[in-house]
Structures are given as C-alpha cells and as structure tokens.
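In structure tokens, the next block holds one chain alone, the form predicted on its own.
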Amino acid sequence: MALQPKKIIIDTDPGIDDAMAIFLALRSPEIEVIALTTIYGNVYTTLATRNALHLLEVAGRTDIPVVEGSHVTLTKGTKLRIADFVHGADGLGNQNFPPPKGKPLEDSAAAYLVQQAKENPGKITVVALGPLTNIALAVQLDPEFYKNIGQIVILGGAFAVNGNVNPAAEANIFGDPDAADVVFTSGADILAVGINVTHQVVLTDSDREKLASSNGNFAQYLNKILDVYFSYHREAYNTKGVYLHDPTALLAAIDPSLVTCMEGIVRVQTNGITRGITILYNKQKRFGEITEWSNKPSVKVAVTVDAPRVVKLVMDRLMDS
C-alpha cells in the first residue's frame, strides 16, 4: 500500500534559496504542501507574503494558501535585520516581478499553525526556513501545540562553527533568539539543520550552467534570480558556488536519512555579544546543580549531511520541471 504524502507547512521568508526549496517541495511526490506561512528575514514580512504568492503563481499552484505571519519579534522588536544584500532588494534577485494577483488568508500564521495541528494531530510537519517567531507564537497560543504538531524541521543554528551574521550567530536564530529558545525548549519533535551542515552543500557554477541549459520552468526561473546570490557568495566566502541552506532543510524533512544527528538540549543566548548562539548540550555529563538547562526536552541536531545526494536531488527535481 502506497504511503500517504507527508503534510508540510513551509514557514518562509522568500528569499532565493527559499524559492528553490518551495519549488523543490512542489516537485517532491513524498510530500503535500498544504500552506506557506510568511515571516521576515531575507525581506520584511509584507514582501515575504508577496513573494510567496508570486512563487505559487509561477508554479501554477495558487490552490495552496499563503498565510501572513508576524511583522515583529516575539518581544515586539521592530529593528529587524533584513538580508537584502544577499537576496536583492526584492528578495528574488532584483528582478522586480509584477505583483501577484492572489491574496493571503485573513488568519495569522500562528493561529493557522495551531488550527492545522489540532485538525491533523501528529500529521503536520512545519519546515521553518526563517526566524522562528510564528512557531513560538503558536507554542504560546496553544499549550497543546507541541504535542499536536508532528515535527518541526528548523533551518537554523551554527552548532560548533562560526555563524553567518557574526562569529556567534546564524541568521535565522539571530533574527529572533527569544522565539528560537521558546521553540527549542517547547517539547516538540524538532530537527535542527544548521549551517554546520548546509555549508557543505554547494550548488556550483557548473550546476548552474546545467540549470540554464534546461527547458524546465523552475530551472529557467531560478537561473534568472541566482546572479545576486552567486555574487554575494563570491564576495563573502570567496567561493564559486552557493550554499543550499533551505533546500537541504526541506529535503531532510522529506528524507531524514540524508543527515545524521546528535540528540540533546539546545538553548539560545538572547542577549550580549553571543546573542543568537545555539548551544547543544549532549547530556554526556551529569551536572549537580539545577540550572536553566535542567529538565529541558531533547531535540535532534544534524551533524553530517550526504551533500552529493542532496545536490543530486535538487538538480534532478528542478531540472525536470
């Protein structure tokens, strides 16, 4: 008997690699994308919503709802760090696409997440590709959310490596450290896919040439928006390629065998010079004192990734579209 596709909600801040992940999700028969919820990060939330609606129109999937998320952090912070220097002012490679025809649902992203988890207990996976504000709000909105949600796959954290915002912090966690700490300690089934693994997954210049030579709709679209992303990586990392952060997290949600994990408690520093740093306590040492680490639930953190397999899946699915 064929397995039912896994129901996925993508919480996203599109974003060039978000666009890749969304297209990849729509080309993956193992999953059913039931909604996109939006959050600030690569762009402000209003533009994230516009870009999500636009991408679904490009994909011919306007049947999938878009639900707008929070415009501020969990602590009501409004001085948001937006990565327009990575993705372009419009988030999609400075292509200035025409506005989408569609509109988001009236609901808030947090309320929508709570409702979907209640109606489908244990069956919804949230793939969180931006700061974790919407998910933290859902945790606060419903005490049972952590039980009702099937899994939360988080693109975020820099476990035992330098961050990509500063030496301590990765961008999504840095975007709302308080929200991240709430989510990591919520008790939900969590898999964190950090830049310690996504920096091993590279789409090279030659891979991009293959995309350019494909007649596929998604491949052609992505080739068009990738210039800004490649330029940023050349300047920031001196590399001839781009990191496939969001596609790696999306594929790990589909096929967990692509990563190996450690389990332990994750806490997030919420202030000071290391604001946004993610620390994994592997529970190998038993401490005597009762502290902020005591009696917290464990999560899974990806520590290795089958990078060649991830790149092959991305290329195969996006070329054939």
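Position 1 is the first residue in the sequence shown; the rest follow in order. Since this is a predicted model, take the numbers as computed values, not measurements.
Beyond the structure shown, there is the form predicted in complex with a small molecule, which is absent from this document and is the topic of what follows.
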{"query": "Residue 250, heavy atom within 4.5 angstroms of the small molecule in the model of the complex", "finding": "no"}
{"query": "Residue 180: touches the small molecule in the model of the complex, heavy atom cutoff 4.5 angstroms", "finding": "no"}
{"query": "Partner contact for residue 97 in the model of the complex: the small molecule, 4.5 angstroms, heavy atom", "finding": "no"}
{"query": "The small molecule contact in the model of the complex: residue 232, any heavy atom under 4.5 Å", "finding": "yes"}
{"query": "Heavy atom contact within 4.5 Å of the small molecule in the model of the complex, the stretch among 169 to 177, 212 to 220, 133 to 141, 112 to 120", "finding": "169 to 177"}
{"query": "Sole residue of 242, 92, 152, 129 within 4.5 Å of the small molecule in the model of the complex, by heavy atom", "finding": "129"}
{"query": "Candidate from 188, 191, 201, 86 lying within 4.5 Å of the small molecule in the model of the complex - any heavy atom", "finding": "86"}
{"query": "Heavy atom distance at most 4.5 Å to the small molecule in the model of the complex, all of 42, 237 and 246", "finding": "yes"}
